[in-house]
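Single chain ahead, written as structure tokens, the form predicted alone.
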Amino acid sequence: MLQGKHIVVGISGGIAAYKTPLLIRMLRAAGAEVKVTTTPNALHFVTDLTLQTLSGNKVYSDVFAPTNDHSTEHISLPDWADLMIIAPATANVIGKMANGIADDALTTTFLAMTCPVLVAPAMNEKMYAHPALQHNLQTLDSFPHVTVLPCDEGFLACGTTGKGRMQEPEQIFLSAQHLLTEQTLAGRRVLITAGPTQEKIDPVRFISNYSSGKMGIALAEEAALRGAEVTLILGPTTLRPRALPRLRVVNIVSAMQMYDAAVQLFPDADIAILCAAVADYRPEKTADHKIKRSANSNPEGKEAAEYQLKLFENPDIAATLGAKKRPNQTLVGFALETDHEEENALAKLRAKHLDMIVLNSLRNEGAAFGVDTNVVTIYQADGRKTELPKMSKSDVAKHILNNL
């Protein structure tokens, strides 16, 4: 995810520093190399040994320490870094950075940084609301390479509740991932369908399938990270995409609701990826009350009474959008097959006027519903074919978007 990226994590002296080791672990787990720089006060909240152990590198906390790898550490770190994250950023450090004051290891390093810098403020709500602090935040955020995250609202270390909490490590990690992702889809509008649909039989029963929505959610997140404006039409699932600023979710339940939403939103989309597992059929009518067992049924179930459920075909979303597709639009479909996989997928590609179809089969281990991996083959209308080995659904999403 962040394989080979060089990230400098800066820590200033606030209680939220206790969360920063988790952020360092997340960055390392994603493949990044991490080096840490701190203010002297930061080490009152988290120890040098903890930071060195988690980052795998010496901590730069003293400009004149004889153990520094370089005599000008504050220059060598910016030369090495792809990104700097300052979390937490106290009011004092924000004021220094906004006004070009560099009097410790953290602020001297920041002043020499030319790569993107992500700043996560943390302080008491009164300090956060002070005009001087807000002025400094606006100044800092106006620097072309600096992104200032807003504070969260909630319980604060001083015992009050208000706006001033540092964003959680997971959200800071997501913002860092966004800054390090090439914006190949900037300015593009992407429509994605994901998850199952539910076709109601009565108030307590429905027809559905095993789709979890994981593949579609992975596509939506990756497209948003690449700068696209993403609309995700999501069927009923317990999963939700991560909170990305350009990712909007439209929740639906039935195939007809998904059809209506897709038809309405498709004209404004540059790219549409139809990843949802849409029910092909729905009950002719939905009962107003729970359907009861027949009064004539055998209590032992040996001669079960017959009950017939009449089904109607749902409209075909892919075929409808394919017929409406403009020359400047790209339409991608998915095919899950149990037999004659390639033949069926290519027939669907042609019949529904798709530009690409992604085939996966229940025959492949690691490609079943609900798992974190997938095994797919990508077919394109121009005849290209790309077979991918088993990999995470987030990596499959990258390959699909790379082939658009």
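All residue numbers refer to positions in the sequence shown, first residue = 1. Owing to the predicted nature of the structure, the values given are computational and were not obtained by experimental measurement.
Omitted here: the form predicted in complex with a small molecule. The next part is about that form.
Where does the small molecule sit in the predicted complex: which of 24-32, 41-49, 56-64, 348-356, heavy atoms within 4.5 Å?
Stretch with heavy atoms near the partner: 348-356.
Is every one of 18, 85 and 174 in contact with the small molecule in the predicted complex, taking contact as a heavy atom within 4.5 Å?
Spot residues vs the small molecule: no contact at all.
So which of 307, 210, 312, 155 gets a non-hydrogen atom within 4.5 Å of the small molecule in the predicted complex?
Flagged contact: 210.
Can you work out which of 117, 105, 275, 94 has a heavy atom no more than 4.5 Å from the small molecule in the predicted complex?
Among 117, 105, 275, 94, a heavy atom within 4.5 Å of the small molecule in the predicted complex occurs only for 275.
Residue-level contact is defined here as any heavy atom of the residue lying within 4.5 Å of the small molecule in the predicted complex; does residue 336 satisfy this criterion?
Heavy-atom contact with the small molecule at 4.5 Å: present for residue 336.
Answer for residue 317 alone: is it within 4.5 Å of the small molecule in the predicted complex, judged on heavy atom distances?
The answer is yes: residue 317 has a heavy atom within 4.5 Å of the small molecule.
Residue-level contact is defined here as any heavy atom of the residue lying within 4.5 Å of the small molecule in the predicted complex; does residue 360 satisfy this criterion?
Residue-level check for residue 360: yes, a contact with the small molecule.
Given that the small molecule is not shown alongside this chain, does residue 374 nevertheless sit within 4.5 Å of it in the predicted complex, heavy atom to heavy atom?
The answer is yes: residue 374 has a heavy atom within 4.5 Å of the small molecule.
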